[in-house]
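For reference, the chain that follows is the form predicted alone, supplied as structure tokens.
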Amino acid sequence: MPPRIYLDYNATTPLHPELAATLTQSLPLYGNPASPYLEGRCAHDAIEEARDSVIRFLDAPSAEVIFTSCASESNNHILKSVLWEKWGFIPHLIVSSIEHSSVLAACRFLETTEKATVTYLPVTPMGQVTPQDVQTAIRPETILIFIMTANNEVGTLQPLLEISKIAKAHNLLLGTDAVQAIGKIPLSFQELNLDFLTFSGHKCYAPKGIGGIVMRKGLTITPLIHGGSQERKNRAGTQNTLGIIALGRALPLLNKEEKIRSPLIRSLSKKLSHGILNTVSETELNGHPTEKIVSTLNISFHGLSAESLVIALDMAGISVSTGSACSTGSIEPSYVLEAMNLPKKTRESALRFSLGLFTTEQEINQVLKLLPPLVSKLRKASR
């Protein structure tokens, strides 16, 4: 592949170079972790070491970790298994209207098949749920509030601490999809008083195919996959040993890298944002200006189709997106921007730029050099 500028870290992150060596060194751990002999015990011990790494990284001493294949599986597991408990009444869930599609699709499935009721909370034009709306949505039959930590399209942070206080005052379960927040902001499972947290390895420089659930000790959930006693009887199936080991090594590595790189990422993001907004006419920044993941920029280029600009940038060697990678191929405007009540012209012309550990100043300079004439050319062609 020729040299390119990659600005879609929210979709997936490159494998950290140090993890390539970790994977190679771990290849001899081929034993089945459920087997009692030496090869199995070695694989099992490596998995438990990774589990401890997740617990330390997320400050979750009173929780346990269930490894899954990805955050989409984790989200489905939580939402469905909580509904499958014997409540004795029709349970009610509260989620935001800008959750990842794995949450929204699972909720719609549960409404149809389990006769559950779901409240989809509105968000402000900056993409935030308000604690007041959470409070108002609670009913006697409410069992779970599930609100993402940071939005994948606009980067807006949700007021989780305030929501947590409300949930606990009503003795409700609280979960969060933390995929876009891990490694980007300080995140403490304990301080937020969470019951569930989901994450994905390929958003924090580990391989694809590994994710997990952090669950408060004492809780039980019904397995989504049956057939074995792996993952403490929570998820059947032979564990992805190499993926789990890599994830366990990625988190402390990410912690170290982010402490060094965070100021630079913040500076580069600010430079890219100011450069676009000040040199390209009819542009605007979407999402919260301050309460956000700084490495995520969602910018609308009025008068253009976002898809056409993505293609033009791709041909120029720059990778960006129009939003969630799970919506690839869709020509529909972003449901996140729609939920934020942004005008149609804003929604249809929005691009997401997301920076990461390996973004350089030279790359940002090149984007700012190429983007203005590209936009101008496309606007002229569309008239």
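Sequential numbering from 1, following the sequence displayed. All of these numbers come straight from a predicted model, not from anything done at the bench.
Missing here is the form predicted together with a further copy of the same chain; even so, the following discussion is about that form.
Only one of the listed residues (L160, V214, A106, L173) places a non-hydrogen atom within 4.5 angstroms of a further copy of the same chain in the predicted bound form, and that residue is A106. Just one of G275, G303, P131, G228 comes within 4.5 Å of a further copy of the same chain in the predicted bound form, counting any heavy atom, and that one is G228.
With a further copy of the same chain omitted here, the record of contacts in the predicted bound form names 96-104 of 252-260, 175-183, 96-104, 121-129, defined by a heavy atom within 4.5 Å. In the predicted bound form, K377 stays away from a further copy of the same chain, with no heavy atom inside 4.5 Å. Within 4.5 Å of any heavy atom of a further copy of the same chain in the predicted bound form lies no heavy atom of T142. Shown alone here, A34 lies within 4.5 Å of a further copy of the same chain in the predicted bound form, counting heavy atoms only. Although the partner is absent here, V367 lies well away from a further copy of the same chain in the predicted bound form, with no heavy atom inside 4.5 Å.
Scanning 202-221 for heavy atoms within 4.5 Å of a further copy of the same chain in the predicted bound form gives H202, P207, K208, G209 in sequence order.
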